[in-house]
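Below you will find one chain, with nothing else, as structure tokens; this is the form predicted alone, and questions on how it binds or moves follow later.
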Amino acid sequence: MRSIAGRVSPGTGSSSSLRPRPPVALYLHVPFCRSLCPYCDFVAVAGSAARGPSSRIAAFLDALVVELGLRADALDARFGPPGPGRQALESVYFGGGTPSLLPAETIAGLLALVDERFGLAFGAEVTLEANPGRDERGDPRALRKAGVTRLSFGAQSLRPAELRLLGRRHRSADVADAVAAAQAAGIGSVNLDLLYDLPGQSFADWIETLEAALALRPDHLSLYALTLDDPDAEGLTGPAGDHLPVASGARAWRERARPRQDDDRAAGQYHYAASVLARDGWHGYEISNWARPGHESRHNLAYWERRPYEAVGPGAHAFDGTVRRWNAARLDGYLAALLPAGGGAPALPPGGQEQLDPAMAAAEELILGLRTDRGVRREALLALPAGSSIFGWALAGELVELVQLGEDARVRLTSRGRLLSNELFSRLV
């Protein structure tokens, strides 16, 4: 049952209007970390590339500015410049890697450029991912002054033994200090990422982490089952792939870790967390995400609602309403394209894209919509070629329920359906 949940209404992203549209959100990928965790598949580089005299951060930032300009030029040519005829961005997300390694003034400069070239709406959500360690979290007061409104801390666990197992550099006390500092600085929203189904993790261990996290009074929690995929075997790590090859040490760690995971235990851990958070008034608005009222991630909602978003940086993914596009993960290729040797003209970085047809878009809309607590319109599910049989199967298996939201009859996942969501999603594609 390796389908434990891992990462609204379709609204403006409806596949009934499959057409290119300007972005409402922007993702910037910063691929540098102090060290690499053995379970992580995000695009990240560490060691001398991330610090010291051989650091490549300065070159990366130069390349990122060039890519922002090229992407903005392309959007201006397609949709006109930002202004009355084209809405400004509603959210910006700095992901990684560890973007909190960048100085606050660098973040401020990038946001100024984004505002100039893409338009940034008043009150836009600006998220920065951060590690909780003292030398990695950044200065929350300076970040708030730079324009950051939301900090997302990669806590993963609040138990010392589990942090060591995961190769994390911070301590559990660092998480508490980071959250307190962000709250004292007036950061509007604070998220904690936590992992469950860790190798050998008991039910009591998970309860301890969850209770410790809640005691810190964050505004948002993202709870993910630890997944140990093999991007090499999936063909995602080639020159144009959006993943980096798995290091031999990380591969060995994963092989030792997998036998110590347990699907039934993970299901119980997820159900327990969902029950506790619902009891305490948290809004479980997506399979893996809970928020105090008003603190839902607007940027991530844009993904689940299939609204268009732009993206820059190695491995970053974008969507314009009809095409999904990605940059290749490798930093060398990224820098070579945007900062060509010999003073040549810069080019967009290597990568790939996928053109969606109406059938693909309809299935995608249903899968993303079912991840949320609003689910999808019943008619949209039944309109699929095998929609009636899929709906009947899921209803009989208590994976979905039929609810009335306003004038809409909607289908949404039950608690059991959230745990087995991949079983349903596989039938929709």
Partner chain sequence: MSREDQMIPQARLRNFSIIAHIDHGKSTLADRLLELTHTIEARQMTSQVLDSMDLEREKGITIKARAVRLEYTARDGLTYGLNLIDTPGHVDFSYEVSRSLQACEGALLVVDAAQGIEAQTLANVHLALREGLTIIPVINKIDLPSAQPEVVMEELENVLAIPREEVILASAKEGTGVPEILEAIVERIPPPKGDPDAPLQGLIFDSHYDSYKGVVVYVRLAQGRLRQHDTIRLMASGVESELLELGVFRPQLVPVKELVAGEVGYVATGLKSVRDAQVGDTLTNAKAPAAAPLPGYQPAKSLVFAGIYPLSGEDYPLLRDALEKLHLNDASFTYEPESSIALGFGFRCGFLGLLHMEIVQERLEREFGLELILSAPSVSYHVVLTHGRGVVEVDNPALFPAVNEIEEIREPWVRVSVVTPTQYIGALMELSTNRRGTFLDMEYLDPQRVLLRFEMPLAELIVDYYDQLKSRSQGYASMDYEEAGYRPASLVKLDILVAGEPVDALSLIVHRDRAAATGRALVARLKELIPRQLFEVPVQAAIGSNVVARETVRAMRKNVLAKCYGGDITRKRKLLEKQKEGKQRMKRVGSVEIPQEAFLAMLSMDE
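Please read all numbers here as calculations on a predicted model, not as lab measurements. Residue numbers count along the first chain shown, from 1.
This protein has a second form, the form predicted together with the partner chain, left out of what is shown; the following refers to that one.
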Is S91 close to the partner chain in the predicted complex, meaning a heavy atom pair under 4.5 Å apart or at it? no
Quick check on A146: any heavy atom within 4.5 Å of the partner chain in the predicted complex? no
Does W206 reach the partner chain in the predicted complex, with heavy atoms at most 4.5 Å apart? no
Examine R416 and determine whether its closest non-hydrogen atom to the partner chain in the predicted complex is within 4.5 angstroms. yes
If the cut-off is 4.5 angstroms on heavy atoms, which of these, F79, Y285, W253, Y224, is the one near the partner chain in the predicted complex? Y224
Just to be sure I understand the contacts: of A46, L384, L61, L368, which is the one whose heavy atoms reach within 4.5 angstroms of the partner chain in the predicted complex? L368
Specify the contacting stretch among 207-215, 71-79, 262-270, 338-346, defined as having any heavy atom within 4.5 Å of the partner chain in the predicted complex. 262-270
Three residues, E136, R168 and H170; all within 4.5 Å of the partner chain in the predicted complex via heavy atoms? no
Even though the chain is shown alone, can you say which residues of 407-429 have a heavy atom within 4.5 Å of the partner chain in the predicted complex? R416, R418, L419, L420, S421, N422, E423, F425, S426, R427, V429
